[in-house]
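Shown next as C-alpha coordinates: one chain only, the form predicted on its own.
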(Lines give C-alpha, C1' and ligand atoms only; values in the text may rest on other atoms or scores of the structure.)
Protein backbone atom coordinates (compact mmCIF):
# COMPACT_ATOMS: atom_id res chain seq x y z
CA UNK A 1 0.00 0.00 0.00
CA UNK A 2 1.37 3.39 -1.02
CA UNK A 3 0.63 6.33 1.26
CA UNK A 4 -0.57 9.19 -0.97
CA UNK A 5 0.86 11.66 1.55
CA UNK A 6 4.31 10.07 1.69
CA UNK A 7 7.36 12.13 0.79
CA UNK A 8 7.96 10.74 -2.73
CA UNK A 9 4.29 10.91 -3.74
CA UNK A 10 3.87 14.53 -2.64
CA UNK A 11 7.14 15.56 -4.33
CA UNK A 12 6.09 13.86 -7.56
CA UNK A 13 2.65 15.48 -7.39
CA UNK A 14 4.19 18.95 -6.98
CA UNK A 15 6.67 18.54 -9.82
CA UNK A 16 4.26 16.64 -12.05
CA UNK A 17 1.43 19.17 -11.70
CA UNK A 18 3.69 22.10 -12.51
CA UNK A 19 5.56 20.23 -15.24
CA UNK A 20 2.33 19.34 -17.04
CA UNK A 21 0.85 22.80 -16.48
CA UNK A 22 3.70 24.80 -18.03
CA UNK A 23 2.97 23.88 -21.69
CA UNK A 24 -0.74 24.44 -21.08
CA UNK A 25 -0.03 27.88 -19.65
CA UNK A 26 2.14 28.59 -22.67
CA UNK A 27 -0.74 27.74 -25.02
CA UNK A 28 -3.20 29.85 -23.05
CA UNK A 29 -0.80 32.81 -23.06
CA UNK A 30 -0.35 32.35 -26.85
CA UNK A 31 3.31 33.37 -26.74
CA UNK A 32 6.72 31.73 -26.90
CA UNK A 33 8.72 34.20 -24.80
CA UNK A 34 8.59 35.06 -21.10
CA UNK A 35 11.51 32.80 -20.21
CA UNK A 36 11.78 34.35 -16.74
CA UNK A 37 8.09 33.66 -16.06
CA UNK A 38 8.36 29.92 -16.75
CA UNK A 39 11.74 29.65 -15.02
CA UNK A 40 10.32 31.25 -11.89
CA UNK A 41 7.41 28.79 -11.81
CA UNK A 42 9.76 25.81 -12.24
CA UNK A 43 12.08 27.15 -9.56
CA UNK A 44 9.14 27.57 -7.18
CA UNK A 45 8.05 23.96 -7.72
CA UNK A 46 11.57 22.64 -7.07
CA UNK A 47 11.99 24.83 -3.99
CA UNK A 48 8.66 23.57 -2.63
CA UNK A 49 9.74 19.97 -3.25
CA UNK A 50 13.04 20.43 -1.39
CA UNK A 51 11.26 22.21 1.46
CA UNK A 52 8.81 19.32 1.81
CA UNK A 53 11.56 16.69 1.88
CA UNK A 54 13.45 18.66 4.53
CA UNK A 55 10.24 19.12 6.54
CA UNK A 56 9.56 15.38 6.49
CA UNK A 57 13.10 14.67 7.65
CA UNK A 58 12.97 17.31 10.40
CA UNK A 59 9.65 16.01 11.71
CA UNK A 60 10.85 12.40 11.72
CA UNK A 61 8.24 11.19 9.23
CA UNK A 62 10.82 9.36 7.10
CA UNK A 63 11.58 5.74 7.99
CA UNK A 64 14.98 4.09 8.27
CA UNK A 65 16.36 2.58 5.09
CA UNK A 66 15.12 -0.99 4.58
CA UNK A 67 15.03 -2.44 1.07
CA UNK A 68 13.30 -5.53 2.47
CA UNK A 69 10.29 -3.54 3.69
CA UNK A 70 8.07 -4.70 0.83
CA UNK A 71 6.90 -1.18 -0.08
CA UNK A 72 6.66 -0.45 -3.79
CA UNK A 73 7.85 3.10 -3.17
CA UNK A 74 9.91 3.33 0.01
CA UNK A 75 9.61 6.56 1.98
CA UNK A 76 13.00 6.06 3.58
CA UNK A 77 16.19 7.92 4.43
CA UNK A 78 18.12 6.61 1.43
CA UNK A 79 15.55 7.92 -1.02
CA UNK A 80 15.32 11.26 0.78
CA UNK A 81 19.11 11.66 0.75
CA UNK A 82 19.32 11.14 -3.01
CA UNK A 83 16.20 13.24 -3.58
CA UNK A 84 17.80 16.24 -1.84
CA UNK A 85 20.99 15.90 -3.89
CA UNK A 86 19.12 15.61 -7.20
CA UNK A 87 16.63 18.38 -6.41
CA UNK A 88 19.54 20.72 -5.64
CA UNK A 89 21.00 19.94 -9.07
CA UNK A 90 17.62 20.55 -10.71
CA UNK A 91 17.47 23.92 -8.96
CA UNK A 92 20.97 24.73 -10.26
CA UNK A 93 19.88 23.78 -13.78
CA UNK A 94 16.75 25.92 -13.60
CA UNK A 95 18.49 28.97 -12.15
CA UNK A 96 21.35 28.86 -14.65
CA UNK A 97 18.77 28.60 -17.44
CA UNK A 98 17.39 32.04 -16.49
CA UNK A 99 20.21 33.59 -18.51
CA UNK A 100 20.97 30.77 -20.94
CA UNK A 101 17.39 30.45 -22.25
CA UNK A 102 16.81 34.19 -22.63
CA UNK A 103 15.70 34.83 -26.20
CA UNK A 104 15.40 31.13 -27.05
CA UNK A 105 12.22 29.43 -28.19
CA UNK A 106 9.97 27.05 -26.24
CA UNK A 107 10.98 27.90 -22.65
CA UNK A 108 7.79 26.33 -21.25
CA UNK A 109 8.66 22.98 -22.85
CA UNK A 110 12.27 23.27 -21.68
CA UNK A 111 11.40 23.78 -18.01
CA UNK A 112 8.63 21.20 -18.19
CA UNK A 113 11.15 18.60 -19.39
CA UNK A 114 13.49 19.48 -16.51
CA UNK A 115 10.70 18.94 -13.98
CA UNK A 116 9.57 15.66 -15.58
CA UNK A 117 13.12 14.32 -15.61
CA UNK A 118 13.47 15.33 -11.96
CA UNK A 119 10.34 13.31 -11.16
CA UNK A 120 12.04 10.30 -12.70
CA UNK A 121 15.21 10.84 -10.67
CA UNK A 122 13.21 11.12 -7.44
CA UNK A 123 11.20 8.00 -8.30
CA UNK A 124 14.40 6.03 -8.95
CA UNK A 125 15.72 7.09 -5.54
CA UNK A 126 12.59 5.88 -3.73
CA UNK A 127 11.75 2.84 -5.90
CA UNK A 128 11.58 -0.49 -4.10
CA UNK A 129 10.17 -2.48 -7.01
CA UNK A 130 11.93 -3.36 -10.26
CA UNK A 131 9.03 -2.41 -12.52
CA UNK A 132 8.52 0.93 -10.77
CA UNK A 133 12.27 1.52 -10.96
CA UNK A 134 12.30 0.87 -14.70
CA UNK A 135 9.34 3.19 -15.31
CA UNK A 136 11.10 5.86 -13.24
CA UNK A 137 14.34 5.25 -15.16
CA UNK A 138 12.61 5.90 -18.46
CA UNK A 139 10.77 8.95 -17.10
CA UNK A 140 14.14 10.31 -16.04
CA UNK A 141 15.89 9.48 -19.31
CA UNK A 142 13.41 10.35 -22.07
CA UNK A 143 13.10 14.08 -21.23
CA UNK A 144 16.89 14.36 -21.10
CA UNK A 145 17.16 12.95 -24.65
CA UNK A 146 15.11 15.93 -25.80
CA UNK A 147 16.96 18.40 -23.57
CA UNK A 148 20.38 17.34 -24.88
CA UNK A 149 19.24 18.07 -28.43
CA UNK A 150 17.28 21.19 -27.52
CA UNK A 151 19.50 23.40 -29.68
CA UNK A 152 18.12 21.90 -32.86
CA UNK A 153 20.17 24.12 -35.19
CA UNK A 154 23.46 23.15 -33.54
CA UNK A 155 25.05 20.05 -35.18
CA UNK A 156 26.99 19.26 -32.00
CA UNK A 157 23.77 19.22 -30.00
CA UNK A 158 22.10 16.94 -32.55
CA UNK A 159 25.06 14.56 -32.53
CA UNK A 160 25.10 14.52 -28.72
CA UNK A 161 21.39 13.74 -28.59
CA UNK A 162 21.66 10.88 -31.07
CA UNK A 163 24.59 9.28 -29.24
CA UNK A 164 22.91 9.72 -25.89
CA UNK A 165 19.64 8.26 -27.14
CA UNK A 166 21.25 5.22 -28.76
CA UNK A 167 23.36 4.33 -25.72
CA UNK A 168 20.45 5.12 -23.40
CA UNK A 169 18.13 2.81 -25.33
CA UNK A 170 20.75 0.06 -25.15
CA UNK A 171 21.12 0.56 -21.39
CA UNK A 172 17.34 0.40 -20.92
CA UNK A 173 17.20 -2.84 -22.89
CA UNK A 174 19.96 -4.33 -20.72
CA UNK A 175 18.13 -3.31 -17.53
CA UNK A 176 14.80 -4.77 -18.66
CA UNK A 177 16.58 -8.01 -19.59
CA UNK A 178 18.13 -8.13 -16.10
CA UNK A 179 14.69 -7.54 -14.57
CA UNK A 180 13.17 -10.35 -16.64
CA UNK A 181 15.82 -12.82 -15.46
CA UNK A 182 15.36 -11.76 -11.82
CA UNK A 183 11.59 -12.16 -12.13
CA UNK A 184 11.97 -15.56 -13.77
CA UNK A 185 14.19 -16.77 -10.93
CA UNK A 186 12.15 -15.39 -8.03
CA UNK A 187 8.60 -14.85 -9.30
CA UNK A 188 8.45 -11.28 -8.00
CA UNK A 189 9.58 -7.80 -8.93
CA UNK A 190 9.67 -6.49 -5.37
CA UNK A 191 13.34 -5.73 -4.65
CA UNK A 192 13.16 -7.23 -1.16
CA UNK A 193 11.44 -10.33 -2.55
CA UNK A 194 13.98 -10.65 -5.34
CA UNK A 195 16.86 -10.40 -2.87
CA UNK A 196 15.29 -12.99 -0.56
CA UNK A 197 14.50 -15.25 -3.51
CA UNK A 198 18.01 -15.06 -4.92
CA UNK A 199 19.40 -16.03 -1.54
CA UNK A 200 17.36 -19.26 -1.63
CA UNK A 201 17.64 -20.36 -5.27
CA UNK A 202 19.04 -23.70 -6.34
CA UNK A 203 22.79 -23.82 -6.89
CA UNK A 204 22.26 -24.70 -10.56
CA UNK A 205 20.53 -21.33 -11.09
CA UNK A 206 23.27 -19.21 -9.53
CA UNK A 207 24.90 -18.50 -12.96
CA UNK A 208 21.63 -16.94 -14.11
CA UNK A 209 21.51 -14.84 -10.93
CA UNK A 210 25.06 -13.69 -11.62
CA UNK A 211 24.09 -12.84 -15.20
CA UNK A 212 21.20 -10.74 -13.92
CA UNK A 213 23.49 -8.92 -11.49
CA UNK A 214 26.05 -8.29 -14.20
CA UNK A 215 23.40 -6.87 -16.50
CA UNK A 216 22.18 -4.55 -13.75
CA UNK A 217 25.74 -3.29 -13.28
CA UNK A 218 26.09 -2.71 -17.03
CA UNK A 219 22.74 -0.92 -17.32
CA UNK A 220 23.28 1.30 -14.31
CA UNK A 221 26.93 1.73 -15.26
CA UNK A 222 25.85 3.57 -18.40
CA UNK A 223 24.16 6.31 -16.39
CA UNK A 224 26.91 6.32 -13.75
CA UNK A 225 29.59 6.74 -16.42
CA UNK A 226 31.60 3.67 -15.44
CA UNK A 227 34.31 2.29 -17.71
CA UNK A 228 33.71 0.71 -20.22
CA UNK A 229 30.19 2.18 -20.46
CA UNK A 230 31.38 5.79 -20.60
CA UNK A 231 32.04 6.42 -24.30
CA UNK A 232 28.89 8.50 -24.86
CA UNK A 233 29.53 10.86 -22.00
CA UNK A 234 32.15 13.43 -23.20
CA UNK A 235 30.42 14.10 -26.53
CA UNK A 236 27.03 14.36 -24.86
CA UNK A 237 28.17 16.77 -22.16
CA UNK A 238 30.01 18.93 -24.69
CA UNK A 239 27.11 19.12 -27.14
CA UNK A 240 24.39 19.65 -24.54
CA UNK A 241 23.24 23.06 -23.37
CA UNK A 242 25.50 23.69 -20.33
CA UNK A 243 22.60 23.72 -17.80
CA UNK A 244 21.47 20.33 -19.17
CA UNK A 245 25.03 19.02 -18.86
CA UNK A 246 24.86 19.99 -15.18
CA UNK A 247 21.65 17.99 -14.84
CA UNK A 248 23.27 14.94 -16.45
CA UNK A 249 26.64 15.12 -14.69
CA UNK A 250 25.41 15.94 -11.20
CA UNK A 251 21.82 14.63 -11.27
CA UNK A 252 20.98 11.61 -13.41
CA UNK A 253 24.39 10.08 -12.65
CA UNK A 254 23.36 9.92 -8.97
CA UNK A 255 20.16 8.09 -9.84
CA UNK A 256 22.29 5.26 -11.22
CA UNK A 257 24.08 4.96 -7.90
CA UNK A 258 20.78 5.04 -5.98
CA UNK A 259 19.52 2.10 -8.02
CA UNK A 260 22.83 0.26 -7.72
CA UNK A 261 22.84 0.56 -3.93
CA UNK A 262 19.31 -0.84 -3.62
CA UNK A 263 19.84 -3.73 -6.02
CA UNK A 264 23.49 -4.56 -6.63
CA UNK A 265 25.03 -4.03 -3.18
CA UNK A 266 22.23 -5.62 -1.17
CA UNK A 267 21.71 -8.36 -3.74
CA UNK A 268 25.43 -9.15 -3.68
CA UNK A 269 25.22 -9.75 0.05
CA UNK A 270 22.10 -11.93 -0.38
CA UNK A 271 23.81 -14.18 -2.90
CA UNK A 272 26.79 -14.61 -0.56
CA UNK A 273 29.02 -14.15 -3.58
CA UNK A 274 31.88 -11.70 -3.39
CA UNK A 275 31.70 -9.29 -6.31
CA UNK A 276 33.75 -6.73 -4.45
CA UNK A 277 36.98 -7.35 -6.36
CA UNK A 278 35.20 -6.95 -9.70
CA UNK A 279 33.67 -3.64 -8.57
CA UNK A 280 37.07 -2.54 -7.24
CA UNK A 281 38.71 -3.23 -10.61
CA UNK A 282 35.99 -1.25 -12.39
CA UNK A 283 36.49 1.59 -9.86
CA UNK A 284 40.23 1.76 -10.54
CA UNK A 285 39.73 1.62 -14.32
CA UNK A 286 37.04 4.31 -14.16
CA UNK A 287 38.94 6.80 -12.04
CA UNK A 288 42.17 6.26 -13.99
CA UNK A 289 40.68 6.53 -17.47
CA UNK A 290 38.66 9.58 -16.46
CA UNK A 291 41.57 11.50 -14.96
CA UNK A 292 44.13 10.58 -17.62
CA UNK A 293 41.77 11.50 -20.45
CA UNK A 294 40.83 14.78 -18.74
CA UNK A 295 44.45 15.99 -18.85
CA UNK A 296 44.44 15.91 -22.66
CA UNK A 297 41.27 17.97 -23.20
CA UNK A 298 41.18 21.52 -24.54
CA UNK A 299 37.46 22.09 -23.93
CA UNK A 300 36.47 22.73 -20.33
CA UNK A 301 33.18 20.87 -20.96
CA UNK A 302 34.99 17.71 -22.08
CA UNK A 303 37.51 18.07 -19.27
CA UNK A 304 34.74 18.19 -16.68
CA UNK A 305 33.01 15.29 -18.42
CA UNK A 306 36.06 13.08 -18.00
CA UNK A 307 36.47 14.38 -14.46
CA UNK A 308 32.90 13.24 -13.82
CA UNK A 309 33.90 9.76 -15.00
CA UNK A 310 36.81 9.80 -12.55
CA UNK A 311 34.51 10.71 -9.67
CA UNK A 312 32.21 7.85 -10.57
CA UNK A 313 35.19 5.64 -9.80
CA UNK A 314 35.66 7.28 -6.39
CA UNK A 315 31.99 6.76 -5.53
CA UNK A 316 32.20 3.14 -6.67
CA UNK A 317 34.92 2.51 -4.06
CA UNK A 318 32.23 2.62 -1.38
CA UNK A 319 30.10 0.05 -3.20
CA UNK A 320 33.12 -2.23 -3.69
CA UNK A 321 34.12 -2.34 -0.02
CA UNK A 322 30.59 -2.11 1.45
CA UNK A 323 30.64 -5.75 2.65
CA UNK A 324 33.84 -5.12 4.61
CA UNK A 325 33.51 -1.63 6.10
CA UNK A 326 30.61 0.03 7.90
CA UNK A 327 31.75 3.48 6.70
CA UNK A 328 31.80 2.54 2.99
CA UNK A 329 28.21 3.35 2.03
CA UNK A 330 28.07 6.50 4.20
CA UNK A 331 31.20 7.64 2.35
CA UNK A 332 29.53 6.93 -0.98
CA UNK A 333 26.44 8.92 0.00
CA UNK A 334 28.51 11.81 1.31
CA UNK A 335 30.46 12.02 -1.93
CA UNK A 336 27.22 11.81 -3.91
CA UNK A 337 25.92 14.92 -2.13
CA UNK A 338 29.22 16.78 -2.36
CA UNK A 339 29.74 15.90 -6.01
CA UNK A 340 26.22 17.04 -6.88
CA UNK A 341 27.03 20.56 -5.67
CA UNK A 342 30.67 20.66 -6.83
CA UNK A 343 30.07 19.39 -10.34
CA UNK A 344 26.74 21.17 -10.69
CA UNK A 345 28.40 24.48 -9.82
CA UNK A 346 31.20 23.85 -12.33
CA UNK A 347 28.78 23.25 -15.21
CA UNK A 348 26.63 26.21 -14.19
CA UNK A 349 29.80 28.31 -14.43
CA UNK A 350 30.23 27.02 -17.98
CA UNK A 351 26.69 28.21 -18.71
CA UNK A 352 27.76 31.63 -17.48
CA UNK A 353 30.82 31.54 -19.76
CA UNK A 354 28.66 30.65 -22.76
CA UNK A 355 26.28 33.53 -22.05
CA UNK A 356 28.99 36.11 -21.29
CA UNK A 357 31.87 35.03 -23.56
CA UNK A 358 30.29 32.54 -25.99
CA UNK A 359 33.23 30.18 -25.43
CA UNK A 360 34.20 27.07 -23.48
CA UNK A 361 37.76 26.56 -24.80
CA UNK A 362 40.29 26.58 -21.99
CA UNK A 363 42.38 29.25 -23.71
CA UNK A 364 39.40 31.61 -23.44
CA UNK A 365 39.66 31.42 -19.64
CA UNK A 366 42.74 33.66 -19.60
CA UNK A 367 42.22 36.54 -17.23
CA UNK A 368 38.80 35.28 -16.12
CA UNK A 369 39.69 36.11 -12.52
CA UNK A 370 39.61 39.79 -13.48
CA UNK A 371 36.89 39.68 -16.14
CA UNK A 372 34.36 37.55 -14.22
CA UNK A 373 35.67 37.46 -10.63
CA UNK A 374 32.75 35.74 -8.87
CA UNK A 375 32.42 33.07 -11.54
CA UNK A 376 36.18 32.50 -11.41
CA UNK A 377 36.11 32.12 -7.64
CA UNK A 378 33.21 29.67 -7.92
CA UNK A 379 35.10 27.60 -10.50
CA UNK A 380 38.26 27.63 -8.38
CA UNK A 381 36.51 26.52 -5.19
CA UNK A 382 34.57 23.81 -7.07
CA UNK A 383 37.69 22.43 -8.75
CA UNK A 384 39.74 22.39 -5.56
CA UNK A 385 36.87 20.62 -3.78
CA UNK A 386 36.65 18.07 -6.60
CA UNK A 387 40.38 17.44 -6.16
CA UNK A 388 39.84 16.85 -2.43
CA UNK A 389 41.85 19.80 -1.16
CA UNK A 390 41.20 20.56 2.54
CA UNK A 391 39.33 22.23 4.14
CA UNK A 392 36.66 21.86 1.42
CA UNK A 393 33.83 19.33 1.48
CA UNK A 394 35.33 17.04 -1.17
CA UNK A 395 38.24 16.31 1.15
CA UNK A 396 35.98 14.76 3.81
CA UNK A 397 34.00 12.51 1.51
CA UNK A 398 37.18 11.23 -0.12
CA UNK A 399 38.72 10.74 3.32
CA UNK A 400 35.78 8.60 4.42
CA UNK A 401 35.86 6.59 1.17
CA UNK A 402 39.60 5.97 1.22
CA UNK A 403 39.45 5.22 4.95
CA UNK A 404 36.78 2.59 4.29
CA UNK A 405 39.02 0.98 1.67
CA UNK A 406 41.90 0.88 4.17
CA UNK A 407 39.59 -0.64 6.81
CA UNK A 408 38.62 -3.31 4.30
CA UNK A 409 42.28 -4.30 4.17
CA UNK A 410 41.72 -6.28 7.36
CA UNK A 411 39.63 -8.72 5.29
CA UNK A 412 40.86 -8.34 1.69
CA UNK A 413 44.40 -7.66 0.57
CA UNK A 414 43.42 -5.22 -2.17
CA UNK A 415 41.61 -2.74 0.10
CA UNK A 416 44.63 -0.50 0.82
CA UNK A 417 45.68 -0.66 -2.83
CA UNK A 418 42.24 0.63 -3.80
CA UNK A 419 42.74 3.55 -1.42
CA UNK A 420 46.21 4.23 -2.89
CA UNK A 421 44.71 4.26 -6.40
CA UNK A 422 42.15 6.82 -5.22
CA UNK A 423 44.79 9.05 -3.64
CA UNK A 424 47.04 8.92 -6.72
CA UNK A 425 44.15 9.76 -9.03
CA UNK A 426 43.14 12.66 -6.80
CA UNK A 427 46.68 13.98 -7.04
CA UNK A 428 46.61 13.49 -10.81
CA UNK A 429 43.40 15.51 -11.07
CA UNK A 430 45.19 18.52 -9.61
CA UNK A 431 47.17 18.72 -12.87
CA UNK A 432 44.22 19.74 -15.02
CA UNK A 433 42.30 21.54 -12.26
CA UNK A 434 45.43 23.57 -11.57
CA UNK A 435 45.81 24.28 -15.29
CA UNK A 436 42.36 25.88 -15.37
CA UNK A 437 43.07 27.95 -12.25
CA UNK A 438 46.41 29.07 -13.74
CA UNK A 439 44.67 30.25 -16.92
CA UNK A 440 42.14 32.26 -14.93
CA UNK A 441 44.55 34.04 -12.60
CA UNK A 442 48.09 33.91 -13.99
CA UNK A 443 47.66 34.29 -17.76
CA UNK A 444 45.91 37.61 -18.11
CA UNK A 445 44.65 38.53 -21.56
CA UNK A 446 45.78 42.00 -22.63
CA UNK A 447 43.10 44.69 -22.89
CA UNK A 448 40.33 42.21 -22.13
CA UNK A 449 37.51 44.19 -20.49
CA UNK A 450 35.46 43.04 -17.54
CA UNK A 451 32.18 41.48 -18.67
CA UNK A 452 28.77 41.31 -17.06
CA UNK A 453 28.24 38.15 -15.02
CA UNK A 454 24.73 36.69 -15.25
CA UNK A 455 23.00 37.23 -11.92
CA UNK A 456 21.57 33.72 -11.87
CA UNK A 457 25.03 32.20 -12.29
CA UNK A 458 26.42 34.48 -9.58
CA UNK A 459 23.67 33.30 -7.21
CA UNK A 460 24.56 29.66 -7.83
CA UNK A 461 28.27 30.41 -7.37
CA UNK A 462 27.70 32.13 -4.03
CA UNK A 463 25.51 29.31 -2.73
CA UNK A 464 28.00 26.67 -3.91
CA UNK A 465 30.95 28.45 -2.31
CA UNK A 466 29.05 28.69 1.00
CA UNK A 467 28.04 25.01 0.78
CA UNK A 468 31.49 23.72 -0.18
CA UNK A 469 33.38 25.77 2.40
CA UNK A 470 30.71 25.38 5.09
CA UNK A 471 30.66 21.57 4.90
CA UNK A 472 34.43 21.58 4.65
CA UNK A 473 34.79 23.49 7.90
CA UNK A 474 31.93 21.70 9.68
CA UNK A 475 31.20 18.36 7.94
CA UNK A 476 29.64 16.51 10.89
CA UNK A 477 25.95 17.15 10.01
CA UNK A 478 26.39 15.83 6.48
CA UNK A 479 28.38 12.83 7.70
CA UNK A 480 25.69 11.94 10.25
CA UNK A 481 22.97 12.36 7.61
CA UNK A 482 24.88 9.99 5.30
CA UNK A 483 25.29 7.45 8.10
CA UNK A 484 21.58 7.49 8.93
CA UNK A 485 20.61 7.13 5.26
CA UNK A 486 23.00 4.28 4.39
CA UNK A 487 21.36 0.83 4.31
CA UNK A 488 22.75 -1.87 6.54
CA UNK A 489 24.84 -4.43 4.69
CA UNK A 490 26.02 -7.53 6.44
CA UNK A 491 29.76 -7.16 7.04
CA UNK A 492 31.54 -10.21 5.72
CA UNK A 493 33.73 -12.11 8.18
Partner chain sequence: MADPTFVALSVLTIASAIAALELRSLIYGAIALMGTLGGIAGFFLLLDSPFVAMFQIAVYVGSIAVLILFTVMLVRRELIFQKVEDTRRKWAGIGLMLAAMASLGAVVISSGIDAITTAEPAVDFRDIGADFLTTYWPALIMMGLVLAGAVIGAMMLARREDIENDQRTS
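Numbering follows the first chain given and starts at 1. What you are looking at is a predicted structure, and each value in this text was computed from that prediction instead of being measured.
Keep in mind that the form predicted together with the partner chain is missing from the display, and what follows is about it.
Find out whether any non-hydrogen atom of residue 204 is located within 4.5 angstroms of the partner chain in the model of the complex, and reply yes or no.
-> Taking the distances in the model of the complex, the answer for residue 204 is yes, it comes within 4.5 Å of the partner chain.
Can you check whether residue 184 is within 4.5 Å of the partner chain in the model of the complex, heavy atom basis?
-> Answer yes; at least one heavy atom of residue 184 falls within 4.5 Å of the partner chain in the model of the complex.
State yes or no: in the model of the complex, is some non-hydrogen atom of residue 16 no more than 4.5 angstroms from a non-hydrogen atom of the partner chain?
-> Yes, residue 16 lies within 4.5 Å of the partner chain in the model of the complex.
Heavy atoms within 4.5 Å of the partner chain in the model of the complex: does residue 25 have any?
-> It does not: once the partner chain is placed as it appears in the model of the complex, residue 25 has no heavy atom within 4.5 Å of it.
Among 295 to 303, 101 to 109, 398 to 406, 254 to 262, mark the stretch whose residues have heavy atoms within 4.5 Å of the partner chain in the model of the complex.
-> This holds for exactly one stretch, 101 to 109.
Let me know the one among 90, 113, 337, 328 whose heavy atoms come within 4.5 Å of the partner chain in the model of the complex, would you?
-> Filtering the options by heavy-atom distance leaves 113.
Just give me the single entry in 222, 414, 165, 150 that has a non-hydrogen atom within 4.5 angstroms of the partner chain in the model of the complex.
-> None of the other options qualify; the answer is 150.
Hey, with the partner chain in the model of the complex, do 355, 359 and 465 all fall inside the 4.5 Å heavy atom range?
-> Judged in the model of the complex, none of 355, 359 and 465 sits within 4.5 Å of the partner chain.
Counting only heavy atoms, which residues in 109 to 148 are within 4.5 Å of the partner chain in the model of the complex?
-> Stretch hits, in order: 109, 112, 113, 116, 119, 123, 129, 131, 132, 135, 136, 138, 139, 142, 146.
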